[in-house]
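We begin with a single chain expressed as structure tokens, specifically the form predicted on its own.
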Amino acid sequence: MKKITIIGGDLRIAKLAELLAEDGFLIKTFALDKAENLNKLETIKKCSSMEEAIEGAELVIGPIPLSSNGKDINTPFSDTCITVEELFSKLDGKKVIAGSIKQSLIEKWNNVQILDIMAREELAVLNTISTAEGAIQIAMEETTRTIHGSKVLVMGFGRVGKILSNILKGIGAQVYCEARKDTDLAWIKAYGYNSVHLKELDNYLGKFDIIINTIPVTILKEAELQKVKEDVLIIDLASNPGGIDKMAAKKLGIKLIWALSLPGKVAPITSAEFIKDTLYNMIKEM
């Protein structure tokens, strides 16, 4: 496989195109016309139409996530608007790799081999590093306290929660981890963090200087938010709807930052390298 077409995407995908070209792939792009890093490599051709871009392609790579609104694919480096419908209607028989693709879309376009790179465990694990670092960067910028010595609650003990808690402990935070499963609570204790069962969370909320949520289910509603410190900083890392009642937080004057897609914002080059490594694993399996 030598010919790859890349359509849309953010800085991670633009950097990925550059990395693939440096590895010897022939790259055609569409809807990346404002990505200036792609102008310097002869093995990258910016196309003026989607038809030109996909002609002869052995693999098509789309954005991560594919779409934010469920209708249009993400094209932040172009003024071109491409609907999901338009994209897949032109890809008959092609292999397509993109990120965060709805299952209903995969089932609808059964004439296209669609693979979701974000469903890969290796990429999900590696992305937690930049997500955790990005959350800590926000905390450092948005509080008047040092992280060292601060009481920090991490809600959820999945991939992100584990990495985030480890980094926070390493820089001297007093780390509390919320979970509901007994096995997670046992691991929290084993790692030396303070464990908080979800059922007992209300009793602890007034302790924390910083709360970082990783759970994509609304946990902190108005009743819970009334119990937090007046100057608390809450960072929500979870995808829609998030773990915090945003209207209630605004009503109560709580500082809430909903920080989505941090890997692409805080570490696009590293994220592109992670995506490339995962992509190569997927190509081998093809």
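From 1 onward, residues are counted along the sequence shown. A quick note: this is a predicted structure, and the numbers were derived from the prediction, not measured.
Omitted here: the form predicted together with a further copy of the same chain. The next part is about that form.
For the options Asp92, Glu107, Asp182, Asp79, the residue carrying a heavy atom within 4.5 angstroms of a further copy of the same chain in the model of the complex is Asp182. Listed stretches are 211 to 219, 82 to 90, 116 to 124, 95 to 103; the contact stretch with a further copy of the same chain in the model of the complex is 116 to 124, by a heavy atom cutoff of 4.5 Å.
Looking at a further copy of the same chain in the model of the complex, residues Gly24, Asn111 and Ser261 place no heavy atom within 4.5 Å of it. a further copy of the same chain is not shown here, and in the model of the complex it never comes within 4.5 Å of any heavy atom of Ala14.
At the 4.5 Å threshold, heavy atoms of Ser130 reach a further copy of the same chain in the model of the complex. Looking at Lys284, you'd find a heavy atom of it within 4.5 angstroms of a further copy of the same chain in the model of the complex.
Although the partner is absent here, Thr143 sits close enough that one of its heavy atoms falls within 4.5 Å of a further copy of the same chain in the model of the complex.
Residues from 141 to 180 that approach a further copy of the same chain in the model of the complex with a non-hydrogen atom closer than or equal to 4.5 Å are Glu141, Thr143, Thr144, Arg145, Thr146, Ile147, His148, Arg159, Lys162, Ile163, Asn166, Ile167, Gly170, Ile171, in the order they occur in the chain.
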